[in-house]
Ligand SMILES: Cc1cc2nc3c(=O)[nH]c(=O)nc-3n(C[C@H](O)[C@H](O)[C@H](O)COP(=O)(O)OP(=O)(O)OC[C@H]3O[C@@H](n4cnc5c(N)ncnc54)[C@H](O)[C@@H]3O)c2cc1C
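Only one chain is shown below, in structure tokens, and it's the form predicted on its own.
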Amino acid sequence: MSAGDRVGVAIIGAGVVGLAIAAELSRDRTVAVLERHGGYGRETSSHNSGVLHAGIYYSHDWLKTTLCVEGNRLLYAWADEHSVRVRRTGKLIIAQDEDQLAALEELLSAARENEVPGLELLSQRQVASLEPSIEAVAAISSRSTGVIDQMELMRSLESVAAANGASVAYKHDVRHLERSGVGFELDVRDPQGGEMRLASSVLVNSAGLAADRLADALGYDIDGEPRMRQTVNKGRYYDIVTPEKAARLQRLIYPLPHADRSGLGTHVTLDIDGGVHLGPDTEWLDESASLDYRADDVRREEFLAEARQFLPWLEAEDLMPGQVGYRTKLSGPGEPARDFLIWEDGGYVHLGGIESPGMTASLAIAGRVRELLG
């Protein structure tokens, strides 16, 4: 890519969603992806659990639901076609006592309304036969839940986009952007510190944590309608590092979600390499807070107390601090959860609040962007 280039589509952000959009749109358009970091997925996409979600938790008419259910199916097929490691582990959402049975059945009914495949209500005996090391009186089994190698996924998306002729430029930081008479103009700083200008007919803002700042720079009222201002929410994981205890768990294990669906509680996830993790937790950050991806050990006791409600054999020495990630949310502390924002205005496509299940939905999001652009 050189100064003065013009492309059909400029995409800001080379996370899993931006790369999925690039792979989709580059089939019949000229595409350039601009990423300020030195490689793909350096922020949100490489700091998540790698869980391939089923679409259970959100309202029937939300994009989070419809795109997750569709994306789940698409990602399994993509992984098979492009040799991306994926494992259909299955997941149990558990009732820990009789008082939770009604809520479990209500969640199952809502998930079936969402047309989530592969769901089954299990008795205490059936749960014990599958996961004898957990304490639960019943569970929802979700057979379409799994885990995927998110780095291999992003590499495959980048490879397909490049094979289609797309340019993916790393260490290219968008310094200024504006509408022009025929689309958009972006001033970009290259890896050597030089400045270049790129023109595009379409601009896709898939910048994740920075999406609202770019919309503001383009002149949108980010507190208007649609609301684009994002909040940042930190999540920590702890790893179960005692091998014989980690080996007791064969599936993802989730407690019932919070009543307002604002969080899923401390749960067990597996990764594609067989690691076993607890988390993530939730910590709201001030707008001015800097992002620190280093692991810390400040919440061991809280994690242990929550996990021991269904893993009573777990001890403090079985845990080590794991990865840290950050969620982009359109809601704030004490506010109800909000749906994805995928919005088009005169060739500008804004992707806001693309938190979980954004990776699962990535291919379906790309299809949605194509629909919006016509």
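Just so it is clear, the model here is predicted, and its values are computed rather than measured. Throughout, we count residues from 1 along the sequence that is shown.
This next part talks about the form predicted in complex with the ligand, which is not shown.
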Problem - Interface stretch in the model of the complex with the ligand - options 23-31, 319-327, 304-312, 341-349, non-hydrogen atom within 4.5 Å - result: 319-327
Exercise for the section: Report yes if any heavy atom of residue 65 sits within 4.5 Å of a heavy atom of the ligand in the model of the complex; otherwise report no. Expected result: no
Handout entry: residue 210 within 4.5 Å of the ligand in the model of the complex, heavy atoms
Key = yes
Handout entry: 4.5 Å heavy atom contact, residue 221 and the ligand in the model of the complex
Key = no
Handout entry: Contact label in the model of the complex: residue 280 to the ligand, heavy atom within 4.5 Å
Key = yes
Exercise for the section: May I ask whether 173, 206 and 360 all come within 4.5 angstroms of the ligand in the model of the complex, judged by heavy atoms? Expected result: yes
Exercise for the section: Go through 104, 272, 214, 127 and name the one with a heavy atom inside 4.5 Å of the ligand in the model of the complex. Expected result: 214
